[in-house]
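This document opens with one chain alone, in structure tokens, the form predicted on its own.
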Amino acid sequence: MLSDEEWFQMQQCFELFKFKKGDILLDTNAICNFIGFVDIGIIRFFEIKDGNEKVTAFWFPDDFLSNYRSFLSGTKSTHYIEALSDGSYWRLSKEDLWRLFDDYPKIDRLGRKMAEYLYLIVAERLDNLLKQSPEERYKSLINNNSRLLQQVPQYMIASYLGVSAETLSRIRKRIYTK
């Protein structure tokens, strides 16, 4: 548990950023120097490859938000972060985070636990892409994240699943006619 002082110091470093639907929160070729936590809204993480959008992640309220690879390595982002709705997120700069880690061992430990959690999310996503069929991945979305299916355009869900919009339509038809 963090002490009142540690919580206070951490809260002082967060800044609320508001966004509108369509806003680019991180552009390609920019270095991501923040982590954030979605307060309100829906955000997507994607790249454009061979002229096609490839959606890697969606973030909803209470989700972690960053291009963590760019954040850690200091390299330019190959992905965009785009708002799919109006909303806001709490933002913490890399500089402030490192200072908090240096000054407060408990916050450093919390950061390590957060990094471990993020690793597990990425590892599960990779496992699902490698081991599950597109239909199994779609069923998993239905079971684990039905709000995604209700609030995100189908072509983006298809991209996230790694299939065409037509294939997603066939998958949906098979599932809902059983």
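Being a predicted model, the structure only gives us computed values, none of them experimental. Numbers for residues come from their place in the sequence shown, where the first is 1.
Missing here is the form predicted together with the DNA; even so, the following discussion is about that form.
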{"property": "Listed range touching the DNA, judged in the model of the complex by heavy atoms within 4.5 Å, from 120-128, 149-157, 59-67, 34-42", "result": "149-157"}
{"property": "Candidate spot 163, 170 and 173, all three touching the DNA in the model of the complex (heavy atom, 4.5 Å)", "result": "yes"}
{"property": "Close approach of residue 134 to the DNA in the model of the complex, 4.5 Å, heavy atom", "result": "yes"}
